[in-house]
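Only one chain is given next, in structure tokens, and it is the form predicted alone.
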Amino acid sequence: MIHVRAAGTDDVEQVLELWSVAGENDDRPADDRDVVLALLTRDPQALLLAEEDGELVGTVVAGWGGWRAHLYRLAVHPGHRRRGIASALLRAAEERLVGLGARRLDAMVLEGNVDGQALWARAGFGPQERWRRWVRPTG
């Protein structure tokens, strides 16, 4: 059975390990302990974890800035995929964000991530063709 809960500071190393195995790490700054701790300090409920029999098997960041709701780092361990874990994480994330006042959810999905695109489409998301996210690294 899948249990979804908010992450705590004791979970950070396991989260980073999962992301190194399960996450799409193309075209983004590297995640590290300090970045995850900063997220948990800013919004202790934002990082949701899926556990099965006490083992971390998935994550999603359900970020809310008071204006927009963003979903990041939806990742499921490759050995646990296609069992409803991502769907459970997305349900929990939507519940959290709608409870905070969100009217629309968005997710960033790499164009080359075919499996990720299929998952997001099954969850009712679709690309917003007229828009493109513009980014610039800090520093």
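Please read these numbers as outputs of a predicted model, since none were measured by experiment. Each residue number is its position in the shown sequence, starting from 1.
Omitted from view is the form predicted in complex with a small molecule, to which the following refers.
Here is the short version: of 93, 50, 75, 36, the single residue with a heavy atom within 4.5 Å of the small molecule in the predicted complex is 75.
Of the candidate stretches 42-50, 75-83, 98-106, 62-70, only 75-83 contains residues with a heavy atom within 4.5 Å of the small molecule in the predicted complex. In the predicted complex, at least one heavy atom of residue 119 sits within 4.5 Å of the small molecule. Contact check for residue 22: a non-hydrogen atom falls within 4.5 Å of the small molecule in the predicted complex. Contact annotation: residue 115 falls within 4.5 Å of the small molecule in the predicted complex, judged by heavy atom distances.
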